[in-house]
Each structure stands twice: as structure tokens, then as C-alpha cells.
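Only one chain is included here, represented as C-alpha cells and corresponding to the form predicted on its own.
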């Protein structure tokens, strides 16, 4: 019970700040004059990023704790439709976590340092726009992934009554996971390549409206795959 409670609290913090960055901060900062934007990056963003990245850590740790207390994991639960469903959510969450620490935070540290440097009267780093674009693509991709991730995390317990599950055919599981991993890998590769605004492959991350639409489409595709195979 405590693991689940902590998971909810940490997850709300993490995903809430993710949505704040993408739906509120990014559009607002685009309208700021350069001095005001640098001031915000130097003083506001570090605080938000602290809660964001450590919220992600606590979400993952409490999620592991939930799994550790699940008695049915001693059997074939992860081979069951319900186990595969929750594993789909876990896969998306782990990719998002790696984006937070491996891409977004690494880039934001440089953006914050540049803003503080400019406020101190020094020249801006010319490489910052490209660095910021990479962080933005990873962050928007996390928003995109979060919609199906939250669906599978929340819906799994409703697919089957507690303890009532059957194992599935290994070939079906292999094909399902191959398709899912390829889909996730394609969109993650797009994020890491940080395509310029307006490029066709960046449609789903160019603005938050597209991201929301694409997120619901991805949720439907993954759910249909799950229904087809299991």
C-alpha cells in the first residue's frame, strides 16, 4: 500500500511537471524577451528541474517496490495478458526516465549555465539553440509516450480480476514485443536526432496539440495490438 501511495505521489509530481514544461512553460517562454527568458532559466527552471528529475527517480523506485511486493510475480504473471499490459507501461516509463536523466537534464544544465553566464554579463553560447532543441524533442516525446504509459499503468488491473490470468503463447508474445519495441525505438530515435521544426518526422513533437493527438493514437495502436495478440 505504501509503495503504491508513494508511486502515485511521485508520478503526479513527475508527469505534472512534464506537462507544465510542455503545455505552459515552453509556449510562455517563447513569448518572453531574451532578458526575461534568461532570468527565468537562471532562477525558475533549476527549481522545477530538481523536482522533475527526482520525481522521476522516486516514481521508478516505488514502481520497483510495488513489483517486489507482488506475490503473483513468483509465477507466470509476466507471461499473462495483464502482465504484458503492465510491462508495456513499464517499458514506456523506463524510456521516459532515461530521457529525463540522459537527455533532458544534461541539456538543461547547459541551458541554465548559459543563462546564468549571460546574466553575469558574458556572451551567450552559440551552441545552446541546438542543445535546447534536443532537450525539447526528448521532453515532447516523453509527453507523447506518457499518454499510452498512463493508460497501461491504470487499465491493467481492470483487464482481469486479481489473480485470474492465463499464460499466453510464447510466439505471440515475441511478435507483440518486437512490434512494440520497434515502434518505441523509432520515435525515440526521432527524438534523439532532434529534427528541425517543420520536418515531417517532427510533426508529433512540433506543438503540444499534435503531441496530444499522436499520444492518443499511439495508445489506441498499442491497445489494439494487445487485443489482437492476447
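Nothing here was measured: the structure is a model prediction, and the numbers come from that model. Positions refer to the first chain, counted from 1.
Below, we refer to the form predicted together with a small molecule, which is not included among the displayed structures.
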Practice task
Establish, in the model of the complex, whether 77, 90 and 93 all lie within 4.5 Å of the small molecule, using non-hydrogen atoms for the distance.
Solution key: yes
Practice task
Quick one: from 110, 127, 122, 157, grab the residue that has a heavy atom within 4.5 Å of the small molecule in the model of the complex.
Solution key: 157
Problem - Contact flag, residue 180 vs the small molecule in the model of the complex, heavy atom cut 4.5 Å - result: no
Problem - Contact flag, residue 84 vs the small molecule in the model of the complex, heavy atom cut 4.5 Å - result: no
Exercise for the section: Verify the contact flag for residue 149: yes if a non-hydrogen atom of it lies within 4.5 Å of a non-hydrogen atom of the small molecule in the model of the complex, no if not. Expected result: yes
Practice task
Flag residue 21 as yes or no: does it have a non-hydrogen atom within 4.5 angstroms of any non-hydrogen atom of the small molecule in the model of the complex?
Solution key: no
Handout entry: in the model of the complex, segment of 30 to 38, 168 to 176, 186 to 194, 55 to 63 with a heavy atom within 4.5 Å of the small molecule
Key = 55 to 63
